[in-house]
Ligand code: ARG
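The chain that follows stands alone, in the form predicted on its own, written as structure tokens.
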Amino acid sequence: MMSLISKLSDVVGKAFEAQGLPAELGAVQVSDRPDLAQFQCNGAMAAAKLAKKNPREVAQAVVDTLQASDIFSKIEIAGPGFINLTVTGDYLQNHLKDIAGDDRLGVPVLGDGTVVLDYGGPNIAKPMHVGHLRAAIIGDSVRRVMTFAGYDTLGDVHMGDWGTHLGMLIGDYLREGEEGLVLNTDVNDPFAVQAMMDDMAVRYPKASASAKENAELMADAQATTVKLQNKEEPYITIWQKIFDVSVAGMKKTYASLGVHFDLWKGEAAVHDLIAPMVEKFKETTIAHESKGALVINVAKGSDNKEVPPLILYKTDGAVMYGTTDLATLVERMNLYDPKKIIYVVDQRQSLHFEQVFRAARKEAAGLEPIVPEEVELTHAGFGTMNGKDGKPFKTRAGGVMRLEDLISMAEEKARERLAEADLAQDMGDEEREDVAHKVALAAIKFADLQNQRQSDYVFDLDRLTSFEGKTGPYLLYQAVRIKSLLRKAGYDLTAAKDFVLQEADTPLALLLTELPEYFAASLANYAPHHLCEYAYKLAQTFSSFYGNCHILSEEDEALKNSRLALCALTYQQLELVLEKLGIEVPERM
């Protein structure tokens, strides 16, 4: 269905067309002066140049045309030519009824085709840490938004699973004669998986430090890596078990974070595609040798900064991240024929992705580009998560914090907050723990997602777990509060809704029509903060409505049912938006 803003823009656009002016000048927006009007159109200023008339004269002609419509209860011209618009109560009520009867709550389908989203990036054999948090949270939310928009989405964790760090680790197991610790681990036994994850967490840093201090050990690690990449035994079998155990551990951590992936692949999955891909580059003028390395020049004459060549093979024949990323694009194009490929990765990698994207677009006689121009390639970069000292978030001891430890800290703080607010105290242990977990995740995720994606932000667990202010727990509390009210009223969320709006109801009713615009902004910019803004605004507006209006105590039955319908629609939209942010609402608190 069309949003209210779209409907009004269509009506006003036709009024501009009646004056011989472009319809797009009739774009309507929510008024920035709600005390004067509900909506406004600013197109008369731009139209004045085209019509060679005074803006107010253009605006008056448009208003004269709009006066014939029964949509508006008030139309006025303000200032140099702003057109202020207020819709009738009947029109607003009918549109609300359409939203309530729509299984998408007024949000239209905006996309189609396959989209691959790359938003993981952890290395196998290493513990996941807070550095992996933002990619997971933002990427999963973008995937949820794009799926709801109508795209077929594929979330890819894209692990680092094929580098020298595996050569160091595997070499250490073999030198110590302890490869049996790996090979005998039962991937289906969570305790065995955790034991091996703990062993690798200790073993890898020691093996890495030793290799960096000992040239012989480093050479051995590099030789082991080559044997692994040649798929020799026992290296490939040991690697496979390390891979399987690591993925089992990652799945557990990501599940506790409520983050979903469809594809559990890494660099190893495309290793066999690298040689033929590079050979095609070499057969053309695209790839050439430079100082012993094989490179692709990706600089453009229009560049205002240096863009170095993309290295395919180093002087020692080793491949680089750019090489495996290009091969991954080859695989994604062959397997999924995507319309878009979105990378949710730290924005400090922007130069790397600029190089990869340019190389992927290269074409020559007899060689098609890996990714044609009509397929979107986007690096949706993000800033850093910092501690209260303004530096990247770490443990109190100054080390990198494990992701599972951060979740545990948030859960403990959530338990404290629930106890302080006397919430969830009448529940059994299992239900109370479930609520604490959901509150913790709401705090973590909303703290991240409410910021513009590119911005750094300060992670302050005390502030972010509060049930007051612009926090995830506050939104959960408001959602549960509405749900409790509806339960007390015996209201059926699936029932048809009728609206009889009074002046006190109108601010909430109007806001409930705005979800499509916030959703579209979030989709267009891969920016969940727009939905965060809407959720918070909706919760605040509902709180004012709840404080100013009789609901359960309302004696007028039609008005009571209308206000319950407003409560129900508010809850449904809030729940929908929170789900797109990866936040789950508890049944009660």
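Start at 1 with the first residue shown and count on from there. Keep in mind that this is a model prediction, so the values were computed, not measured.
There is another form of this protein, the form predicted together with the named molecule, and it is not shown here; the text below is about that form.
Participant: Partner absent here, but in the predicted bound form, which of 157 to 165, 414 to 422, 307 to 315, 178 to 186 has residues with a heavy atom within 4.5 Å of the named molecule?
Facilitator: Of the options given, it is 157 to 165.
Participant: Decide yes or no: are I138, D448 and F459 jointly within 4.5 Å of the named molecule in the predicted bound form, with each residue judged by its heavy atoms?
Facilitator: Checked in the predicted bound form: no contact with the named molecule for any of the three.
Participant: What is the one choice in P516, P127, G171, G121 with a heavy atom within 4.5 Å of the named molecule in the predicted bound form?
Facilitator: By the 4.5 Å criterion, the partner-contacting residue is G121.
Participant: Among V245, V345, L403, A410, which has any heavy atom within 4.5 Å of the named molecule in the predicted bound form?
Facilitator: Contact check passes for V345.
Participant: Check Y474 for me: does it contact the named molecule in the predicted bound form (non-hydrogen atoms, 4.5 angstroms)?
Facilitator: It does not: once the named molecule is placed as it appears in the predicted bound form, Y474 has no heavy atom within 4.5 Å of it.
Participant: Residue-level contact is defined here as any heavy atom of the residue lying within 4.5 Å of the named molecule in the predicted bound form; does F353 satisfy this criterion?
Facilitator: Yes, contact at 4.5 Å.
Participant: Hey, in the predicted bound form, is Y91 touching the named molecule, heavy atoms inside 4.5 Å?
Facilitator: Outside the cut-off, so no.
Participant: If we define contact as a non-hydrogen atom of the residue within 4.5 angstroms of the partner, is D505 a contact of the named molecule in the predicted bound form?
Facilitator: Because no heavy atom of D505 falls inside 4.5 Å of the named molecule in the predicted bound form, the answer is no.
Participant: Even though the chain is shown alone, can you say which residues of 561 to 583 have a heavy atom within 4.5 Å of the named molecule in the predicted bound form?
Facilitator: Residues within 4.5 Å: none in this stretch.
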